[in-house]
Structures are given as structure tokens and as C-alpha cells.
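Below sits a lone chain in C-alpha cells, taken as the form predicted alone.
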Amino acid sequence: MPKYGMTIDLDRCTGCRACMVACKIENNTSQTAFWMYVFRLEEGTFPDAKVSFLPRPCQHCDNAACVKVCPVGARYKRDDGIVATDWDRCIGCRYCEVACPYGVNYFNYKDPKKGQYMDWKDPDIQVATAGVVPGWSNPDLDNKFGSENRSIAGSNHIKGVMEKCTFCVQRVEKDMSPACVDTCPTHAIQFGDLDDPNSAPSIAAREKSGFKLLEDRNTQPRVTYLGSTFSPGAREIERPSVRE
């Protein structure tokens, strides 16, 4: 059984946010949900200011606080390392959102079909799409996954449930990499079996020293950041507006 994880080389990340776009397209998330988010950080002052970038997917922690607090077992850790959300079981209590120190959870306040970027019934858009199925209707995301045969992919498409990064489980179970990995133009993001010394993230981790986010919380993340670090005084710049 593989133990999936990820490395992100901050020296390679250019802040292009292609990973954010790929994640939204693959998982059909609603307008305000960013399962992958690239923080833009600034430190110092002009003319010595420095800008750096920090991609942040779900950390898929081995000691996940969100799993511990879920009262119905909807949030759980799979044997392959993926922390998943069974939206058939989720009751929308949002305990996982409060417990997670990384801010990766999103709650569906309304039907996600109504939270998309476009009105798919607009005649002008229908001409442009030529009848292509809209983003919120991807049959791959309706499948059940894993030995548990549970509904865990996509953005749930159901009002009143939690959602987050799944490491693109619908792709992983087809021996494909997550969408953010395949889309990154600088190959900053690597994904694979952390128990395999020849996997891409294992090789990358041997080449550079790294760190994990909020290691003092003992969450034991499966995402390791390599290369450059930023100072505690780094300031976040540019945050997208959130609309329901």
C-alpha cells in the first residue's frame, strides 16, 4: 500500500497560480473555494523588499485534528495517507473547519451549482461552450473510491457539507498525479509514495532540506516544503475577495 505525500519546492515556485486554476477545473469547486491556494508574502522594505510564494493544499496530516473531532466519521484517514471527507456522512457541523490549523476546509452554504463563475444558461456562453457539460457536472466525481467505497471526490455538489483538497483521489486511483502537480510549469510540486525512495517527492526531499507547516502542532503533515524559507515577519499580500 503506497503512502502518498507531496513536496513543494519554494525555490521553483513563481507564484503563477496555475495550480489553483488546475485544482478548480479538475474538482469543479465553487467560486469562493480554493482547495489549493498560493499565498503571496512580502518581507523587508523598499528597495530591499522580497516577495515569496507559498502554495497551500490540504496537508493530509497523519495526526489530523479534523479527523479526531468529526462526530460521525465523515472525515477519516485512508490507508494510503489521504485524508478524505465522506459527504454521504457529513452533517455539516463544521468541527473539522475549526480544528484544522491550516484553513483548508470550505463549507457549502448553498447549492454549489449556483456558486460557479458563469451562468451556463446565458445564450452567449452556450454559443462559446458548444453544449459542453458545465464545470459542476463531472461524472468522475460522483464515483465511490477506495476499499471503503465511499463518496469523497470533487466539491461534493451538495449544500450543507464540508469540502477540501483530496489530492485528486479520482486521478490518483487511475495512477495519475493530482492536477496541481501535472500543471505546475516549473515542476515545483511533486507527488508520490513517500515510502518509495525512488518516487519524485522522495528524490526531491533528498536534494534539499525542508520544513513542514506548523510542525509544533504535531499534526504530522504529509506535505514538505523545500528550499527557501520566509521570516516570521513576512506579510501576506493580495487576498481574493470572498462572496457567497
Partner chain sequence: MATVNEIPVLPYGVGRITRGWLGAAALLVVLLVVGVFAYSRQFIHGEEVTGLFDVGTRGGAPWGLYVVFVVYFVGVSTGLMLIGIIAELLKIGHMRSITRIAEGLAIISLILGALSVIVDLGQPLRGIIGFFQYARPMSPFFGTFTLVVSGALFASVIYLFLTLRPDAAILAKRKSGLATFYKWWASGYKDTPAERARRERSSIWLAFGILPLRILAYSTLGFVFGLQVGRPGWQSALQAPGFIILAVVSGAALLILVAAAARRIPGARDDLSIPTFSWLSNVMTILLMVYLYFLLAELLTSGYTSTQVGWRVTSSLLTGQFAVLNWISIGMLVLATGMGGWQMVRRNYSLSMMVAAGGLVTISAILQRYLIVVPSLTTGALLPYEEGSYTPTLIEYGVVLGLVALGTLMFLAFLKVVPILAIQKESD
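Treat the numbers as computed from the prediction; the structure is a model and nothing was measured. Numbering follows the first chain given and starts at 1. For the two forms, the rigid core is made up of the largest set of C-alpha atoms that agree within 1.5 Å on superposition.
In what follows, reference is made to the form predicted together with its partner chain, a form of this protein that is not presented.
Student: Taking the shortest heavy atom distance, is C90 within 4.5 Å of its partner chain in the model of the complex?
Tutor: Answer yes; at least one heavy atom of C90 falls within 4.5 Å of its partner chain in the model of the complex.
Student: Is S209 close to its partner chain in the model of the complex, meaning a heavy atom pair under 4.5 Å apart or at it?
Tutor: Residue-level check for S209: no, no contact with its partner chain.
Student: Q31 near its partner chain in the model of the complex, any heavy atom under 4.5 Å?
Tutor: Yes - in the model of the complex, heavy atoms of Q31 and its partner chain come within 4.5 Å of each other.
Student: Considering non-hydrogen atoms and a 4.5 Å limit, does its partner chain approach G81 in the model of the complex?
Tutor: It does not: once its partner chain is placed as it appears in the model of the complex, G81 has no heavy atom within 4.5 Å of it.
Student: Are there residues in 61-100 with a heavy atom within 4.5 Å of its partner chain in the model of the complex, and which are they, in order?
Tutor: Result: A65, V67, K68, V69, C70, P71, V72, G73, W87, D88, R89, C90, I91, G92, C93, R94, Y95, E97, V98, A99, C100.
Student: Once the core is aligned, does S231 move its Cα by at least 2 Å between the shown form and the other one?
Tutor: Moves: yes, 2 Å or greater.
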